[in-house]
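Here you get one chain, nothing else, as structure tokens; it is the form predicted on its own.
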Amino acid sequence: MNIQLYNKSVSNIKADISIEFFTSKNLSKHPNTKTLNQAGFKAEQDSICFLHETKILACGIENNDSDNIRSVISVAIKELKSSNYESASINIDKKNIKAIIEGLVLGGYEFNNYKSDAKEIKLQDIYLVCEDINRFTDAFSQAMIVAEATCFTRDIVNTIPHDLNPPSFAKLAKKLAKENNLKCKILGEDELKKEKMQAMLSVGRASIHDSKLIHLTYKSTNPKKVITLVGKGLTYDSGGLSLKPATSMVTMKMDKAGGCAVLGIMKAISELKLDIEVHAFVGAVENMIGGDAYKPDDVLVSRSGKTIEIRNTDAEGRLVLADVLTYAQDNVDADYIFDFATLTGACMVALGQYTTGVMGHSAKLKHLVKKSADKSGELTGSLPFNKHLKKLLKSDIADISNVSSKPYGGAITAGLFLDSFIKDQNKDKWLHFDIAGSAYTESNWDCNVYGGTGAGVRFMTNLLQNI
């Protein structure tokens, strides 16, 4: 699908259909009000109505907020892709261009890599019509970069574990580095052993695929800030010997979504050419069962030297992140540290399916994230740390347990586990994002379709643009 900017004065824009927005207030003022009323169109949010004779696709919105525009465009593009129209036009302004592009690109996203007979789509061209093209060029370019980076992330999340394992994840990172002029360093298992990353290595011990630590670096000429991004890259999670139920194992290709988001963010910021330095670390591991699998009752020695009692091998992501966070802090003196992980089902219980959980010590930093999330159209919710939940991670035989002794506040206790591997001088620089609910969906919502959503890419890119 080709999305293009056009000046209104250009006379040769002849789209097959025009997309127009209607609220309940302006519906009565339109020349086609009578026809729309006869069709039962009431301009409710996300309602649409084709007026084929007048070549109009009417889109209902509650008001002109970006969230409403993006949502209804996501509905409209799906319907247009199912039609026989080959082109469509939309009038845009500065306030809605980003929302329209996200609705078109993200709402129209499809992942057909494994379909032998994907449906042919006749829709080819979308014309974004404006008064002065020069005023919109930068906004158009930036919105397209972020939307396409989000789709890039979705593609990786949706790739099956047979095709995307730790070595192929590393290969993908190298390809991204080459295309976007990034530095790339890969640590294999020999290097991980030298770095004493036994927690991470133990999780991947039963897999036939070697675990990999991916380190990507983007550096502008005069960086104003240094940022570290850390992603959980569990290319598949069977639960290990604490085996997941069969129904819970389906969709576990999405357990790499944190690592995928980190790669997507690197793609976006390098193409936006932001004046910052960013280091991305992904712990790429596969958690499987086998004779060499790590076990409940094991005590692992992490890279930091802290010992971890294993009570559940399905709480594996935090073990990988513990070592990767330690490695990242030892190798980069960052102004900010952000980690992304599909860490706990408990986060979904606490905040619902659509919201990313935010944890950390700095209220100021959490406020900045909330502001960026609101601007980008992603949902975030803060989950508070407290000293009483921290006590539930106490172990009688090691420094810390990998799971809480009580089944409450699971998302927070997982965050507190990670917090124990954050150095004191970095406590106020760090935030943990639990994307377990927001990273994958099996039903359409907003601009998200079945599969990976690319959670984290839009709000973190916005934050890094303004930080």
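Throughout, we count residues from 1 along the sequence that is shown. A quick note: this is a predicted structure, and the numbers were derived from the prediction, not measured.
There is also a form predicted together with a small molecule; it is not shown, and the following applies to it.
- Residue heavy atoms within 4.5 Å of the small molecule in the predicted bound form occur in exactly one stretch of 75-83, 184-192, 197-205, 337-345, and that stretch is 337-345.
- For the three marked residues, K232, D237 and N312, a heavy atom of each sits within 4.5 Å of the small molecule in the predicted bound form.
- Think of it this way: in the predicted bound form, the small molecule has a heavy atom of just one of K219, K244, H361, K225 within 4.5 Å, and the residue is K244.
- Just one of D323, E378, E316, E286 comes within 4.5 Å of the small molecule in the predicted bound form, counting any heavy atom, and that one is E316.
- When contacts are judged by a 4.5 Å heavy atom cut-off, A88 does not count as touching the small molecule in the predicted bound form.
- Interface membership of L172, defined by any non-hydrogen atom within 4.5 Å of the small molecule in the predicted bound form, is ruled out.
- For the chain shown alone, M252 is a contact residue for the small molecule in the predicted bound form, at least one non-hydrogen atom being within 4.5 angstroms.
- Residue contact check for A436: one or more of its heavy atoms lie within 4.5 Å of the small molecule in the predicted bound form.
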